[in-house]
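Below sits a lone chain in structure tokens, taken as the form predicted alone.
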């Protein structure tokens, strides 16, 4: 018996999987990837399933999930010297991301608390360069150990070699020939498969709050410091209020049991929160030329950014564009009430499965939003999730 993608993803859609493997050793994980490649089979290495939208059709390949969960502080035996507060922490690719953040905060380490509640795994975090509330994972990465599918060997990539950018990295770039256009060779799994990540965090009791919404939740000014544990709690509350935390009922599914610490499948309520049945943020915030930004309404969000070619550009809000193109919270597919797919009732950037959606329903809704935003503002929204077995 093998799972469906609907069993493994946070949006809970997708067809049956021909072969599924969850190795619990480093060697076993590498062998599972190499066996699929040697056999010429389609390969999808999956983490928490929060950034995948899979086709309704059967997947006639191999899905591999890292079954390891280890997190280790590498510097605990060495005393800190002088003013250096750096602490190196290593986590395997299969470790749940929020488990890693929770571990770090409990150890009194600062650097990733703003990324609390982001679903997925440590391995996926560096592919996407996840970011939220003033932090990006790339700013805390020391190195990434990978399996190179082309050279068939392990390698260690420095933070510089990872080429982190806004929601991208060298790993993600290996999957695409252009934004949103899958590469011929390495897709839907990058050339470099993450084995583990070494982070460099700071042994500090407090962290700086750099995001206005988070500062408001903590009742402080932007730039002020707050206890790291309080920042984590505030981030989790803000994310919960926007339904941007994964639905814990997914852990009642046998295929998800044991993948996150502190959740026993037998203790999880089976009641579903459909606003959380999503891929999280479905579109990346567009980075556009100044000339395009100048055509937007005066109240459109604008942030200084860098384009892919290194030139100065402007980042705007995908959620704002969607809302101001006429698609408000709860907007349903084909504008029909009780649709199988709809925008979250709490956030215009999340496309949700209302319980019976298929992948094709979600894609249809995405296309409606893209066409509407393009018509209203001349900006093409690029999906953030990896599309498996279908075109964007």
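Residue numbers count along the first chain shown, from 1. Here the structure is a predicted model, which is why all the values come from computation and not from measurement.
One more form of this protein, predicted in complex with a small molecule, exists but is not displayed; see below.
- None of 101-109, 294-302, 192-200, 215-223 except one has non-hydrogen atoms within 4.5 angstroms of the small molecule in the model of the complex; the exception is 192-200.
- Although the small molecule is omitted here, in the model of the complex all of 29, 119 and 132 have a heavy atom within 4.5 Å of it.
- Though the small molecule is absent from this view, in the model of the complex it lies within 4.5 Å of a heavy atom of just one residue from 141, 124, 209, 91, which is 124.
- Proximity to the small molecule in the model of the complex, taken as a non-hydrogen atom within 4.5 angstroms, holds for one residue of 260, 237, 167, 204, which is 167.
- Although the partner is absent from this view, residue 175 contacts the small molecule in the model of the complex, with a non-hydrogen atom inside 4.5 angstroms.
- Using a 4.5 Å cutoff between non-hydrogen atoms, residue 50 counts as a contact of the small molecule in the model of the complex.
- Contact check for residue 384: a heavy atom falls within 4.5 Å of the small molecule in the model of the complex.
- Proximity of residue 359 to the small molecule in the model of the complex: non-hydrogen atoms within 4.5 Å are absent; the residue sits far from the partner.
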